[in-house]
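The chain that follows stands alone, in the form predicted on its own, written as structure tokens.
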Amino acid sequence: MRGMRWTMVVALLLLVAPLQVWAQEEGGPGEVSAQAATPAPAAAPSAPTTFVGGTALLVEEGRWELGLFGPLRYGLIEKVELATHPLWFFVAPNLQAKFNLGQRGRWHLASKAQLTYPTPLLRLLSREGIGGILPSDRAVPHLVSLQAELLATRAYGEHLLTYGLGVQVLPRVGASEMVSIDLPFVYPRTAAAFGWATGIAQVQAQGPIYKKLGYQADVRAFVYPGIEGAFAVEQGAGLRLTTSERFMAQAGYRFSYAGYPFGTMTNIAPTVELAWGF
């Protein structure tokens, strides 16, 4: 397991390395000063602005985007986007804000902060029988998930390449007898409650293939300092049909290879998403 942890560390470094290359390509701090002394460059020419939620680009001011399973996004002002998952809101209240940090050369930069209170949902799932994923006789404490992420996106024509680096903390308040949820796609998002943080790195790409048909693919890695042998790598991809600025449909898969306290598991699941913009 120790060897696997070092493998994950190396993988994270490889994911972050292109950000350093970007900094060198744009000439470092000296170029920033030069740019500050000259008029601001024109906006990026053709970067897509619809259904780009996973990138550093923001929903246009005043526009709403609603996903069937994804979040509801709203362009509050030019540099701030708000989002929430309405499907989970009443059992896991959540709010996300994405801030436009401007451009550095051809890279769009944004920071994202997310606050989630998953305790009601976990207590609902703490039962025996169908739907129960936690023992019914274990007390679930108050949990507050805080996640921050830095995103950098570069447009290659209509194709977008995004790098992301983030951290999640999940402090517990009150008496706790909670055990870890050793399920794929769930464990990576709740393991921070048993360590001191979860480190997250991602690479994502999306763009057109032919006319209205496009693609979206990503790789996401999770590490959990303080939890021996635990890690996760998720890879997803899908084909998307964007009929207009008002509708998008996507179908694909999501693959998971993860290390749990008891060993490793590999899983794959189909994914479907419908989204509307207005």
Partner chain sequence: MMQVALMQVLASALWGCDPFNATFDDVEDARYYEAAELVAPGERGPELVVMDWNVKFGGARIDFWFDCHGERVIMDEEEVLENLEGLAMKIRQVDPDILLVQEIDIDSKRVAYIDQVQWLLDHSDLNYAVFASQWRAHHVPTDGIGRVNMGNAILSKYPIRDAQRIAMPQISTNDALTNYFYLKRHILTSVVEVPDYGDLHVLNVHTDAFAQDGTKEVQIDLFKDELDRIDRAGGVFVAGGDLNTLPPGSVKQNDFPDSICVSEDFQADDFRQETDALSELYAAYTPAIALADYQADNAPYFTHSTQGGTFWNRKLDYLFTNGTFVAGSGLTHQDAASGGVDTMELSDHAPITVRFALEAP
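Note that the rigid core is defined as the largest set of C-alphas that superpose within 1.5 Å between two forms. Just so it is clear, the model here is predicted, and its values are computed rather than measured. Residue numbers count along the first chain shown, from 1.
Below, we turn to the form predicted together with the partner chain, even though it does not appear here.
Heavy atoms within 4.5 Å of the partner chain in the predicted complex: which of the stretches 154 to 162, 102 to 110, 203 to 211, 184 to 192 has them?
-> Of the options given, it is 184 to 192.
If you check in the predicted complex, do 56, 150 and 216 all have a non-hydrogen atom within 4.5 Å of the partner chain?
-> Judged in the predicted complex, none of 56, 150 and 216 sits within 4.5 Å of the partner chain.
Contact between residue 69 and the partner chain in the predicted complex at 4.5 Å, heavy atoms?
-> Residue 69: contacts the partner chain in the predicted complex.
Examine residue 134 and determine whether its closest non-hydrogen atom to the partner chain in the predicted complex is within 4.5 angstroms.
-> Yes.
Is the gap between residue 118 and the partner chain in the predicted complex 4.5 Å or less for some heavy atom pair?
-> Heavy-atom contact with the partner chain at 4.5 Å: present for residue 118.
Contact test in the predicted complex: residue 78 vs the partner chain, heavy atoms, 4.5 Å | No, no contact at 4.5 Å.
Can you name the residues of 113 to 131 that have a non-hydrogen atom within 4.5 angstroms of the partner chain in the predicted complex?
-> Heavy-atom contacts within 4.5 Å come from 114, 116, 118, 121, 127, 128, 129, 130, 131.
Threshold 2 Å Cα movement between this form and the one not shown at residue 129, rigid core reference | For residue 129, whose C-alpha is compared between this form and the one not shown after core superposition, the shift is 2 Å or more.
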